[in-house]
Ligand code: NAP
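Below you'll find only one chain, the form predicted alone, shown as structure tokens.
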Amino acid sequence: MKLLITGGTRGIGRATALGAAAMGWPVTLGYRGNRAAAQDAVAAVHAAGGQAWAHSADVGDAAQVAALFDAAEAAMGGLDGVVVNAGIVAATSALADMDTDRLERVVHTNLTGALFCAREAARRLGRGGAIVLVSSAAARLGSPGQYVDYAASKGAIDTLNIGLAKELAAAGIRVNAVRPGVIDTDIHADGGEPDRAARLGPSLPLGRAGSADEVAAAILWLLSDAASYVTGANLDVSGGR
């Protein structure tokens, strides 16, 4: 499978890229601005025996998304799967205290960006193609007093998953989503709580936070032929939360 992963150079995206390398799948990694992280991720895939390319693109810009897909197809000689993973979270806050710029930035990146990427995937993938959207357990839980804007954007991803899966089924393209829970990645630092995974882990039903590798395993399964009769599913990877 020739795979494109947005937000592919850190956290869950990077883990998915390394898992794809282990399966012999070439990957193109989309990233916004951290060139050092992109170079490191590509090097890690190469060290694991895989093939990888990285291309900078802001998923909130439709023209840049199209250019990212062009670059992926040119590098790999086609495209079979897309992981729509790029997303952001802002500092913990009640909704009443969030400024307009923050709300617009979170929704534009997490929802509009996902729509741009999913639209491009729908235009380019052929029969047998697969799309995995990265949602969040926050879509079910709402994240009150923390980031309801992020939760709302991910709730919309769940809806996008259901609708797009039905829309593309006749074309032989499967669409699914994963909903990670508390996963030990640096997104918590982006939200101003670098210790969040360690702090909340013991309170979760499985007694620990999850790893990016565990989410990546679910993503890769949904992309693979092992999930050939699975479409429109929202798969929780949340340790029972």
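Just count from 1 along the sequence shown to find any residue number. From a predicted model like this one, the values you see are computed outputs, not experimental measurements.
Although it is not shown, the form predicted in complex with the ligand is what the next lines describe.
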Contact flag, V59 vs the ligand in the model of the complex, heavy atom cut 4.5 Å: yes
Test of understanding: in the model of the complex, would Y150 fall inside 4.5 Å of the ligand by heavy atoms? yes
Consider V106 of the chain shown here, and say whether it contacts the ligand in the model of the complex, taking contact as heavy atoms within 4.5 Å. no
Any non-hydrogen atom of N161 within 4.5 angstroms of the ligand in the model of the complex: no
Interface segment, criterion being heavy atoms within 4.5 Å of the ligand in the model of the complex, picked from 90-98, 133-141, 74-82, 166-174: 133-141
From first to last in sequence, which residues of 154-186 have any non-hydrogen atom within 4.5 angstroms of the ligand in the model of the complex? K154, P180, G181, V182, I183, T185, D186
